[in-house]
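Single chain ahead, written as structure tokens, the form predicted on its own.
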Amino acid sequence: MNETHDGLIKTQLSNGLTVLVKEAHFAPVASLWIWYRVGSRNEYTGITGISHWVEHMLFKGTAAFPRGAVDKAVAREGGVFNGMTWYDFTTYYATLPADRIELEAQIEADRMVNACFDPQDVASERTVIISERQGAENDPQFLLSEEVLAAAFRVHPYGTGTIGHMCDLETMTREQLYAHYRTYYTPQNALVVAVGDLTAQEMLRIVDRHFEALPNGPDVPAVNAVEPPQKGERRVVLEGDGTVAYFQTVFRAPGVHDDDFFAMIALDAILAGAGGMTMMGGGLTNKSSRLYRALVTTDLAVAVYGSLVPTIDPYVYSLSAVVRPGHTLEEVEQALDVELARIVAEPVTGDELTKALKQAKAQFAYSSESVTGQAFWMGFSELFADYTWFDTFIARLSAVTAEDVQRAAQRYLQRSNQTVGWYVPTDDSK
């Protein structure tokens, strides 16, 4: 199966591995990513955090690339590499001089099947991940977000973050980790994306050479959880150390296939400033956004943020604020509610929409201008939709109207669709 679209080739190997290749000749580099369709969406109580832990284990080496060998090999060729785990995926990548990109194909094909999971490494990594969890627990915003999402999702695994619950991190076994690896790290559950200064046919030959002979694995267990409709506002009040109060509210949001998703991108840009939607985003200011003017310039809050993330299943739209000392959570929530009611009741102006769309497009451009960013976006899009979602992003965003924004606001920014969280500091020593 070969599919060609605007210089991009999509194909599938006989073992089920999907491959996307795009030529990009503006710099003598190439980026290769391998994506596995597994993340915290595929977990349940007892093994929460397992996908992230497995990701850590794949950096512990194989017989062909013992511990530290990959780091040295990639650095020697002038490249960079990393990996990450999220709700819907686990991914690994390297960006190298184009004539050295085969090294990354060799590394990823090897550790797809040959990761060791040495019991001593499992034990040491348990300590590392527990420390990571403990470090996150020192951040009130992490604690509040964890409580809010747990309240927002009663059924779907999106209610649990990728780091997992402490009780599971303390009790998971090497056998559980290895079984997770062998279940999900298979060609039919994987996607290879390569972008860079190579001919597409040569890149396909490299992928075929290293991946075609790899055996397939078992069928991946389906995720059948469907979050039922929310029928009323939910609230969480969390007390904890500190002197600063934090506010967060989330609204159940549309999936990426919904016509309102791009309207929500514009809505977020208007309310809180354009966001990158991924870890590859840019660094635009949000000082002209409605909530910044309503909360920060009035000294009610120190900062305000918005977040809309593409996911396989419908997720949430989140708004967060750091309350300025001397003011209250009630004041922040009331001021935010006024702005939400206004965008529901009144169409945004043409100038405001134009500015918001420009900012959102700029964020997307910043995050996809390099070969690394393009390879990321192509793979990311293919996981939750298909690669054309990336290709048509600007056109679909440009088509959003003021009426679309108001319709999305009226549909989603409702109290019955909302989960509100307060972090109340208990340190009154000042």
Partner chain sequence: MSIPGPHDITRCELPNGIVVLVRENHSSPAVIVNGYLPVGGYDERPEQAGLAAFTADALMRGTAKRTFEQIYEALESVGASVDVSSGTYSTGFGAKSLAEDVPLVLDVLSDALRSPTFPPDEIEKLRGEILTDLEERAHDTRRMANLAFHELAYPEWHPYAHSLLGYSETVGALQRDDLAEFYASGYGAQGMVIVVVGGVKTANVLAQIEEAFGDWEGCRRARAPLPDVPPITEVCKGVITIPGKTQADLVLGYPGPPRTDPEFLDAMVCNTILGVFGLMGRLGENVRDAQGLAYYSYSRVDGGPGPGPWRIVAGVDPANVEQAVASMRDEIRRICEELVEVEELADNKAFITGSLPLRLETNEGVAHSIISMERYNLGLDYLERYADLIGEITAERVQAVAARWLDPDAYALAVAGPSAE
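Values in this document were obtained by computation on a predicted structure and should not be read as measured data. Residue numbers count along the first chain shown, from 1.
Absent from the display: the form predicted in complex with the partner chain. The rest refers to it.
- The partner is absent here, but in the model of the complex a heavy atom of 125, alone among 125, 147, 260, 110, sits within 4.5 Å of the partner chain.
- This chain lacks the partner; the member of 316, 96, 105, 172 within 4.5 angstroms of the partner chain in the model of the complex by a non-hydrogen atom is 96.
- You can rule out all but one of 175-183, 110-118, 126-134, 226-234: in the model of the complex, only 126-134 has residues with a heavy atom within 4.5 Å of the partner chain.
- Proximity of residue 341 to the partner chain in the model of the complex: non-hydrogen atoms within 4.5 Å are absent; the residue sits far from the partner.
- At a distance threshold of 4.5 angstroms between non-hydrogen atoms, residue 289 is in contact with the partner chain in the model of the complex.
- Looking at residue 241, you'd find a heavy atom of it within 4.5 angstroms of the partner chain in the model of the complex.
- For residue 47, no non-hydrogen atom is located within 4.5 Å of the partner chain in the model of the complex, even though that partner is not displayed.
- Taking the partner chain as it sits in the model of the complex, the stretch 308-327 comes within 4.5 angstroms of it through a non-hydrogen atom at 322, 323, 324, 325.
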